[in-house]
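There is one chain below, alone, in structure tokens, taken in the form predicted on its own.
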Amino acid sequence: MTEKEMKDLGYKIIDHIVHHRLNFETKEVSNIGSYASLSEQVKKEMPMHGENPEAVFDELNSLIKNNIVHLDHPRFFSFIPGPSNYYSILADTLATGYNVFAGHWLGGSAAAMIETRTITWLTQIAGYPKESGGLFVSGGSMANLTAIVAARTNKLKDDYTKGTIYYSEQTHSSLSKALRVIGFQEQNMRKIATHENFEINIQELERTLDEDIKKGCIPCCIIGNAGTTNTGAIDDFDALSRISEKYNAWFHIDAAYGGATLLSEAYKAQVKGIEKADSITLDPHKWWFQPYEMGCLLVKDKKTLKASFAVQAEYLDDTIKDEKEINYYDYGVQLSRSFRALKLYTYFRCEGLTKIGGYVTQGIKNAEFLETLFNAKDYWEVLSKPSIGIISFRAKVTAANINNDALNAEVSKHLSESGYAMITTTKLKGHLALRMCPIHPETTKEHLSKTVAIMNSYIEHKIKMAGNKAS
């Protein structure tokens, strides 16, 4: 390509991205293509000869934007949104454009230094000591897996057949998957019941630990949650830290969602005690507004990561020079690594932690505002008080010919099909429930009020129809 062709094509793509980010209000949140439709739209034949690049990118732009759920939309309230931000989009473009290899110092010294500095900032935010460290990974799933490997190496050495892991029934599914991936069996896993507020039952945890020790089990790791996906629940970190110390178990906190609260001056006390954990999972591609993929693991003692993952290979000898030069392939699973740190480093510098913390605070207040809207109607039941930006609730109608589980599923479907907003279902207390996570910095009270109004209108229509049938 000539210089002009490269610039023209690049500017056109940037124009598409800018238009996308400036025109959320005109976009439907959800555009889910059918398999049949997409099978026809996506090129079937292998491209043996090149095509016109501009035509290819025009086709791809249309295909992608019209067949996607916009997780970066201010009215996307499902799961945990990924609002992203433009500074980090450009930083990611820069890192990709230079094809930066972030596996070792030799391949990307600036990348290693920027990752080290950004990790240091995060350890300071978490209240960790100077000897702490960590690394960036693809997301919370890989961060949790990395933490469990470090815990296993630290507490069980080479024989982990009797090692047991403890976590609440509300803990993210990535933990169960990580345990299976690294070789733990079902008999090594303990799901602990939660209280009515969905926090881990400390008494049940201790009873289970005592019973396991009598059976010859070795407690390896206890996991706490800083913001569960279902309800935003936060476990008692002081109690979990005490129990972990008592039973000589590694203490890990999954703060993939709620760790962002550390930047909120008004709400950071809700995650007090997080610094007591041996390791912490963070997910900047959630509430710190980074593009996918970006997870992070922090460890109180960075030597534990190197002890778990460092291997020797003669073709890597040239990468080992100054001990101050960090080779991140020694700290996790990957040798080939993308330069993930650049986007968070850039965002922190361009936006500033104070402003980002303000965004986090606003997301929490949005969930609290939603509670007032649900309390205004007697057919809504709030199942969990708003906790760090998440509220769970359900429609509960007394009409005899209305199945409330089915009604809640219909409400979610109706709202999504309207195009205005998107929420999804979960299960709580034995019933189908709804949840909202309104953490996008551009989400307004008007967005929330209209979303609830659409749901109210649907429920009231169903109540009216049920009354007509009864009569």
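Don't overthink the numbering: it's just position in the shown sequence, from 1. These numbers come from a predicted model, not from an experiment.
Missing here is the form predicted in complex with a small molecule; even so, the following discussion is about that form.
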#### Entry: Partner proximity in the predicted complex: residue 278 to the small molecule, non-hydrogen atom cutoff 4.5 Å
no
### Proximity of residue 286 to the small molecule in the predicted complex, heavy atoms at 4.5 Å
yes
### Task
Mark residue 261 yes when one of its heavy atoms lies within 4.5 Å of a heavy atom of the small molecule in the predicted complex, and no otherwise.
no
### Task
May I ask you to check whether residue 389 falls inside a 4.5 Å heavy atom distance of the small molecule in the predicted complex?
no
#### Entry: Heavy atom contact within 4.5 Å of the small molecule in the predicted complex, the stretch among 151-159, 137-145, 86-94, 242-250
137-145
### Query
So which of 118, 229, 346, 132 reaches within 4.5 angstroms of the small molecule in the predicted complex, heavy atom to heavy atom?
229
### Sole residue of 257, 393, 166, 128 within 4.5 Å of the small molecule in the predicted complex, by heavy atom
257
